[in-house]
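The data below hold one chain only, encoded as structure tokens and taken in the form predicted alone.
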């Protein structure tokens, strides 16, 4: 019986081609315009992808709608550099090569983070914690090798990711990076990246940057870096938002606050959850709704319209928008932070069709 399901490589390739070119995606309008076309005079429109998403029916939607790609996970330190002398270039190369082949820009994500970081970085051969000198050298080697590999193909990098603590009474996150190196790991990461590619645009990237208390702590860090003439060029507002926040004032104030430092601003990981923000994982509560209700659709549409109105108004400051995943078919918010709960945070539905929010975003 198994013979029935075995296909030659030729047959497999033929079916893959059919999936790619006979996608059920509806053209947004009679002209075939996508987000990148509507916003051509404003900023790049990007999306986070995996290598797999570039080999499925999603590919046509990506090509049609976006002109910038961000590797969702392929360039994070753990996946790309799991062991000291081992680099996994395959997935990252595939994304960069696809972007180059289709005339798209690439945002590199990310060079230094407290998560998805391999343990070997912080330990010596005996299993003891390494010194600051050793850790900074390892950081330099990693950044130099990764940035050099894609020099001229990646125009911007999220250099340091999420270094501000979630606790409003604290400043920097008490990560292993910080415990060993203090603030110097942030400064050095930008210096190493700039040395490897002087033409790359270098960003600090974080979430909840619109909440006033965190906004001010992020501002404090960025001002210290700018005043010290650290080679930082921009700030990435991740944009993991919801139908409940941010308010128009919070978003506008954040953009103006960071722009006042002379930094470029990008929205780097945009999605609009239909649930309130939560970070800690938990189980579903009794009676908790798990559907895309009419009210959620209405509020999401209004929220997307509001933030894009603000983006366009600040087009001299904002240089790029990147959505975190392609459509509601699969998102990182499915099952996070509540296992088994579906989220519907993007402009395209589970069938890759434009939602009402899409039409409000392109109606201007």
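Just so you know, these numbers come straight off a predicted model, no measurement behind them. Positions refer to the first chain, counted from 1.
Omitted from view is the form predicted together with a small molecule, to which the following refers.
Asks: Find out whether any non-hydrogen atom of residue 107 is located within 4.5 angstroms of the small molecule in the model of the complex, and reply yes or no.
Replies: No.
Asks: Does at least one non-hydrogen atom of residue 269 fall within 4.5 angstroms of the small molecule in the model of the complex?
Replies: Residue-level check for residue 269: yes, a contact with the small molecule.
Asks: Indicate whether the small molecule has at least one heavy atom within 4.5 Å of a heavy atom of residue 88 in the model of the complex.
Replies: Outside the cut-off, so no.
Asks: Under a 4.5 Å heavy atom criterion, is residue 142 part of the interface with the small molecule in the model of the complex?
Replies: Flag for residue 142 set to no.
Asks: Could you tell me if all three of 113, 240 and 324 have a heavy atom no more than 4.5 Å from the small molecule in the model of the complex?
Replies: Yes: each residue has a heavy atom within 4.5 Å of the partner.
Asks: Looking at 125-133, 248-256, 182-190, 160-168, which lies within 4.5 angstroms of the small molecule in the model of the complex, counting heavy atoms?
Replies: Every other range fails; the passing one is 160-168.
Asks: Which residue among 215, 76, 264, 194 has a heavy atom within 4.5 angstroms of the small molecule in the model of the complex?
Replies: None of the other options qualify; the answer is 76.
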